[in-house]
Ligand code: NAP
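The form predicted on its own is given below as one chain in structure tokens.
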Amino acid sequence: MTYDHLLSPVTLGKLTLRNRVVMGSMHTGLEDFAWDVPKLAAYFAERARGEVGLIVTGGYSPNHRGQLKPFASEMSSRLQAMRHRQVTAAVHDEGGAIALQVLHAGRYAYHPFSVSASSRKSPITPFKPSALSTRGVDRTASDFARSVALAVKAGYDAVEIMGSEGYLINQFLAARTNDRTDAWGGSAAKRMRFPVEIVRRSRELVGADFPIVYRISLLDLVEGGQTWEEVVELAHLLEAEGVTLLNTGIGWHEARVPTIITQVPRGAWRSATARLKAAVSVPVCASNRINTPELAEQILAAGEADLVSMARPLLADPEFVAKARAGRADEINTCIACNQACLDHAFQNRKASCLVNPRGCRETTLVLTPTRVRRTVAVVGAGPAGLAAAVSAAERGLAVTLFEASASLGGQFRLAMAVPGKEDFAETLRYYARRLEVLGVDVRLSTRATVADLASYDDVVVATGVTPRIPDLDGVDHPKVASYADVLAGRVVPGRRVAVIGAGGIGVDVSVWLTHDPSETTDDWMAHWGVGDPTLHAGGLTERKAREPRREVTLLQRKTSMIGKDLGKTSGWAHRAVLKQSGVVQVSGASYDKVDDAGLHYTLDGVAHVLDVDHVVLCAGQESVRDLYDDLVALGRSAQLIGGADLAAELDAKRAIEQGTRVAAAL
């Protein structure tokens, strides 16, 4: 594809962008402290060098009480603006453009001084906000405008006013969080006054041509959210006050509908964006679960949007746009929407990065320096850790040979991509396979490396992975028993009634696989989550349609804690919800006794039970495969041990890929 629409320039006010790709806002943790400004500048500069059209920063509060957490990012003084010149200059030096996002956390703030439209506590933070006074609302609107003016002094090319995702402006707009009776609430028109005043005052300070982007909430996906008529009316009011571009947001952070994680179908929200675009005259930007240039091009070519925002895809691959332009889209490191190193980190007060690109936000500390001496490197094992090590070493100019005992790349990742909602994991293997080819790595599949095979290499990296752990269980060799690997690989086809032993991440994934209807469409997915026509249902929410699971599944664990407790912070709730929607029976605190023709025998609270099942699937953990490494060490040979072969706890691709990259950087 040539991506004619995606790569065409577009003018916003006085700013002409070289293409229609927007790197959407992400809070990385590099925004909060002055000493991280050089790292932030390097992070954005690398994306600008990769030819993205417009970068949007993480959110900066217009005042202290709007901070996301104590001492978090803020744009309220000239000194702060001057610090940002290092960031804007770095982007401009690479030919890019950058916008400052102004965000007031409102009741989402993680500190005791939070404020909101009303004194209603958020379900995702422990602090109850104070209701802003009438004068306080007025001052806050002026604070937003002051931040916009300071962005100009800081050298930004545009600003984005954050009016979605359930932050303060959204809290004013929805009856759910605004029970005021003064000039800032009591009717839809009065609830809209706050964002309209912010834009009006901002435009007065920066003049007619400076681009002001407004992030508008298309679907709140919460009870008491805005109606579609209110969304369109707000858009028209903002147009009248001089908004240059409407960027789209989907769902509040507290919504019980997933909006961006991997189980959300690609392009799921494009129809809502198209509906808004048809109603307004200013350009509209599509967002959420758009992760390939092909999909972005389709949306633009169909006239559903004027620009496309891709936040995490630019975290995953800073060269996303440049590769698409150069006909190298097959080399893009695609975002798999896992959230494990980006949003999960952000909500754990850790600096963000990326599972598939551990250099993300670490551009100054995790550097793949070109080698001065062309050493030979053997990497044994082509799972995520081995693939990362092989590609990273080859990118440095080292001569790499990759050994893999099986006939295909991927290891445990190949099993993961078979799980419904994790199909995008196949993109990571496509990326690595192509990079190995481009970099000229000597790939030897169906080859089990021996100590003798490795004798001539300067460096050896052992990434031989894991094997499923077989528990000490009477009857474990019964025909009813199968490992998760055999099930996901298709070597065993489970019957109608299945017991799954082990409720970690793999047990949850297998349970989803067992119950999932493979014919499910995007419309079906929407129906199961209760997403309806926004013109008929306020906030886009309607009654959920029950799932019809393919199998009857019982998921058991020895632990007494809640099943799925340790899943990802920002996605685990959705995976647990799918289990419930699919009728999976969940049993905690079980001890397994035996498997026989009658099924699975287990004891719970001292009472014996028998599950009459066709199959028992073992998801009882993994064991490291490290025989080769032990043999090398016994012979006094130095080798690096990485990935599951190093630590076989819950499968952790994030750790494996980062470890493989760091080992390669240090060779």
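Sequential numbering from 1, following the sequence displayed. Please read these numbers as outputs of a predicted model, since none were measured by experiment.
We do not show the form predicted together with the ligand, though everything after this point is about it.
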| query | finding |
| --- | --- |
| All of Gly504, Tyr592 and Cys619 with a heavy atom within 4.5 Å of the ligand in the predicted complex | yes |
| Among 181 to 189, 563 to 571, 381 to 389, 93 to 101, the region lying within 4.5 Å of the ligand in the predicted complex by heavy atom distance | 563 to 571 |
| Option touching the ligand, based on a heavy atom within 4.5 Å in the predicted complex, out of Arg120, Arg544, Arg444, Arg469 | Arg469 |
| Listed residue that, although the ligand is not shown, lies within 4.5 Å of it in the predicted complex (heavy atoms), from His575, Arg414, Arg270, Arg203 | His575 |
| Contact test in the predicted complex: Asp652 vs the ligand, heavy atoms, 4.5 Å | yes |
| Interface membership of Asp509, the ligand in the predicted complex, 4.5 Å heavy atom rule | yes |
| Close approach of Arg359 to the ligand in the predicted complex, 4.5 Å, heavy atom | no |
| In the predicted complex, Arg275 touching the ligand (heavy atom, 4.5 Å) | no |
| Contact set, 395 to 429 vs the ligand in the predicted complex - heavy atom within 4.5 angstroms | Lys422 |
